[in-house]
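In the block that follows, a single chain appears as structure tokens, in the form predicted on its own.
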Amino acid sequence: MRRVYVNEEWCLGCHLCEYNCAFANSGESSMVKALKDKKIYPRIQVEEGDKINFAVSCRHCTDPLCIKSCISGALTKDENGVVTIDHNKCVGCLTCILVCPYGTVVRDGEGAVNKCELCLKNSCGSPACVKGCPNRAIVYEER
């Protein structure tokens, strides 16, 4: 299965992946309308360190703890192995946030949760974080 991977040594810590992700999943046609003067809720997070920066997104685990812990059945795995969220079913209990070993399930600003779904539900075609990374530190490939 193809996944998003990060080459930490190339990450600049610019956070452009976060902005591209938030815009791609906003449903807006203009980045200005989608993001200006608003708190963004990206599905990828940049962690900054003293000497290294890296972006963290869902690993689409083989045996996902988030799905096992979801009391409402909002989290499922599709036929391609992508872990997805049905926002209509999410009750906002946040258990999936607590059990994710990578910290990649986040709040969405509306009481529910969000996570990377590889931009399969929007019009990007491939992950927006990959397309928007100026240094090509984020890749979408099979390993």
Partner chain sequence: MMKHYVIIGNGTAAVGCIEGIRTVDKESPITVVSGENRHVYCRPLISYYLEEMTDIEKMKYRKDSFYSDNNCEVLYGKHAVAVDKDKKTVQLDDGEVLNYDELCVAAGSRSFVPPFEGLDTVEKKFNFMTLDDALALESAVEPDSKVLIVGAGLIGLKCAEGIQDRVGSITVCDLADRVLSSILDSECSELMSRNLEEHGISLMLGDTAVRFDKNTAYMKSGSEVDFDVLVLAVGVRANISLVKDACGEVNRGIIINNRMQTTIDNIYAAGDCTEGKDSSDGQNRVIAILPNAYMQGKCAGVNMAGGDETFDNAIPMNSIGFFGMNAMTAGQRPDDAEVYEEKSDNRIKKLYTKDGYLTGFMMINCAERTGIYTSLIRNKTPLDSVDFDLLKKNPGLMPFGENYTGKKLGSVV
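Positions refer to the first chain, counted from 1. These figures come from a predicted structure and were not determined experimentally.
Form predicted together with its partner chain: not shown, discussed below.
Contact with its partner chain in the predicted bound form, defined as a heavy atom within 4.5 Å, is made by none of G13, G125 and N135.
When contacts are judged by a 4.5 Å heavy atom cut-off, V32 does not count as touching its partner chain in the predicted bound form. A residue is said to contact a partner when one of its heavy atoms sits within 4.5 Å of a partner heavy atom; T84 fails this definition for its partner chain in the predicted bound form, lying far away. By the criterion of a heavy atom within 4.5 Å, S69 is counted among the residues contacting its partner chain in the predicted bound form. Although the partner is absent here, G103 sits close enough that one of its heavy atoms falls within 4.5 Å of its partner chain in the predicted bound form. In the predicted bound form, N88, K89, V91, C93, L94, T95, I97, L98, V99, C100, P101, Y102, G103 are the residues of 86 to 106 with at least one heavy atom within 4.5 Å of its partner chain, listed from first to last.
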